[in-house]
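Only one chain is shown below, in structure tokens, and it's the form predicted on its own.
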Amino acid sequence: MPSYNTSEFRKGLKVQMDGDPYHMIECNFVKPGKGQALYKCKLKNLLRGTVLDKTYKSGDTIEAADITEIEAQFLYRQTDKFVFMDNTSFEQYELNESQVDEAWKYLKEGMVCSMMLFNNNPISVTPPNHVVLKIEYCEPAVRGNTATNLTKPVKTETGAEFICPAFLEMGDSIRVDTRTGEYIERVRE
């Protein structure tokens, strides 16, 4: 298994410690007045979501994680399982609710997502940056409130709720940013 030297440390690196995959979310080089240079890193456990602070001396190494990313199509949800299919090998993967995390809000059947595999086992899924969802339920729009900044909660076809402008009605389609979970615009089809 390849490894990374401290000179290769950077944000976004995928490493392995004690058998778990970690994502380097921050890495700062520190040169104290005396002594050896240090690398202070924040590492996020990709299985549990916990964040760990670690300090490495110049010249230390970390083992690289066997992480691959594939395109996978969301097929269906069965109670607490989400079933995806690899678009190239047609192999099916099941992820549980904790692995899917907040992505369930945006998943529609047939949607192509990015799936992360650790040692060929699925560990997480990321939806496209922008998705279009149909509003399934919301309070009726109030006439005359179109020029103000009033908002209201709406429930989409996926079962997720978003805060949207008050002029939207049931049956409208909205574009949502999956990175922030915020409403972007109304989509006319």
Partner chain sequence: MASHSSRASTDWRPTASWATLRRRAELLAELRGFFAERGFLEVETPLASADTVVDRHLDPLGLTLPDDPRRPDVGQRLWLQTSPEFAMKRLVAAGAGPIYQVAKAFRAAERGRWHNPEFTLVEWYRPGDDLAAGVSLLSELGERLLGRGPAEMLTYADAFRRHANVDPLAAPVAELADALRCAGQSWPDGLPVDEPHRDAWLDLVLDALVAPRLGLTRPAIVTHYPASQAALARVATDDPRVAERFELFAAGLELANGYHELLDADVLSERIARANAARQADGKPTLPVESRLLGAMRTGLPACAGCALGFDRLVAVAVGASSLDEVLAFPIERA
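Residue numbers count along the first chain shown, from 1. Bear in mind the structure is a predicted one, so any value in this text is a computation, not a measurement.
Below, we turn to the form predicted together with its partner chain, even though it does not appear here.
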Open item on the list: Among the candidate stretches 149-157, 133-141, 52-60, 118-126, which one is within 4.5 Å of its partner chain in the predicted bound form when only heavy atoms are counted?
Closed with: 52-60
Open item on the list: With a cut-off of 4.5 Å between heavy atoms, is residue 40 one of the residues that contacts its partner chain in the predicted bound form?
Closed with: yes
Task: Contact of residue 31 with its partner chain in the predicted bound form (heavy atom, 4.5 Å) - done: yes
